[in-house]
Each structure stands twice: as structure tokens, then as C-alpha cells.
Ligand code: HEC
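Single chain ahead, written as C-alpha cells, the form predicted on its own.
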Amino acid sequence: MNKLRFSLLALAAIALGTVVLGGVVLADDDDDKRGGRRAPDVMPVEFALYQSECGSCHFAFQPGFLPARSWRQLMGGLADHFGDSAELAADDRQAIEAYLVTNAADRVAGRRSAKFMQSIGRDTPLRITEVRYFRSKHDEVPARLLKHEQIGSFSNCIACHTRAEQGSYAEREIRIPGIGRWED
């Protein structure tokens, strides 16, 4: 990026209350609103095949939570997908993998994706819930909450994050089943 363009981008970011990191604009948690709502933390899932195939068994995690190398490894091991067979027709597997890799955390600009990548470093995690950044954001959640029938595990994002499917994980949008709004 040339210096003039970067400088103009930096000035615009400062005026909007955002941070520039490596030429990528990262909004503060309370900024970057659109129509009264925050912009998504990660890009929502916009691929029907992925949503229908993977989302039929579990929450269709946004690709922006893991790097491309993790998605490749996950898609290459569908015969034993965390103890279950999740095998797909070859064309479907290739299409889903291409979507995940193209939109992976190390390939897209996004506030939450950048934070995940920062904590992942050179690792190749296969579980989003084991990423250091994820764990740090959930360390205050008591283990007893995971036993609630509507939650079950940390991988059930939509149980508490009311706008997870839209890519928004703001604390003010958290509603814990049986408890209500999450308060620090």
C-alpha cells in the first residue's frame, strides 16, 4: 500500500475511532455501526451448501475463526470428524473447503478474525473452542452453565450469542439460558 493511501486510511480510521493494523482497519467493539447495529465481528456464513451440510449437525462456524490450514485439515479428515463420519460427496467437500479456505481468518479482514489469528500464531487448531483467544473470552463462564440442556458445550454458540449466525458476538447481545443477559 503506498504511503499516501495508508496515511489517508489512517486519518479516516482515527476520525472514525478505529485502529489500523497492517493496513487493515479494525473497528473498536462499540464503533462501526450500520443502521443502529454493529457490523459483524466475523463475516456471517454466506454459502448455502456449507450451511446445510455442516449446519445440519452443529452450528456452522464462520470461516473467519480458523486459518486456512486448519480448515484444510478439518475437511481432509471428515471420515473421523471428532469421532463421527461426516464424509461428503467429493464435489461438495471441495466446494465447502474452497469456501472455508477463501474466507479463513488469515485471508479476510475482520476484528475478531485478527484476534483469533493473533492468538493462534503458527498453530493449526482443529477446534475453535481450544484457541487461546476463545478461551480468554469464555474464562468467566462457570462450567455449570455448560450443563444446561440448551447449551451443552461451548461449541453451541447460538445458545448464548443471540446474533452469532449474523457474525456478531458482542457481550451486550449475550443471553444465557436460565440466567438472562450476561453481566461482567
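Numbering starts at 1 and runs along the sequence shown. Keep in mind that what you see is a predicted model, and the values were worked out from it rather than measured.
Omitted from view is the form predicted in complex with this ligand, to which the following refers.
- The listed set A68, M43, M117, C157 contains one residue whose heavy atoms approach this ligand in the predicted complex to within 4.5 Å, identified as C157.
- With a 4.5 Å cutoff on heavy atoms, A105 does not count as touching this ligand in the predicted complex; it lies far away.
- A residue is said to contact a partner when one of its heavy atoms sits within 4.5 Å of a partner heavy atom; L74 meets this definition for this ligand in the predicted complex.
- When contacts are judged by a 4.5 Å heavy atom cut-off, R112 counts as touching this ligand in the predicted complex.
- This ligand in the predicted complex is not approached by T124, whose heavy atoms all lie more than 4.5 angstroms from it.
- If you take 130 to 162 and check each residue for a heavy atom within 4.5 Å of this ligand in the predicted complex, you get F134, K137, H138, V141, L146, I151, S153, F154, S155, N156, C157, C160, H161, in sequence order.
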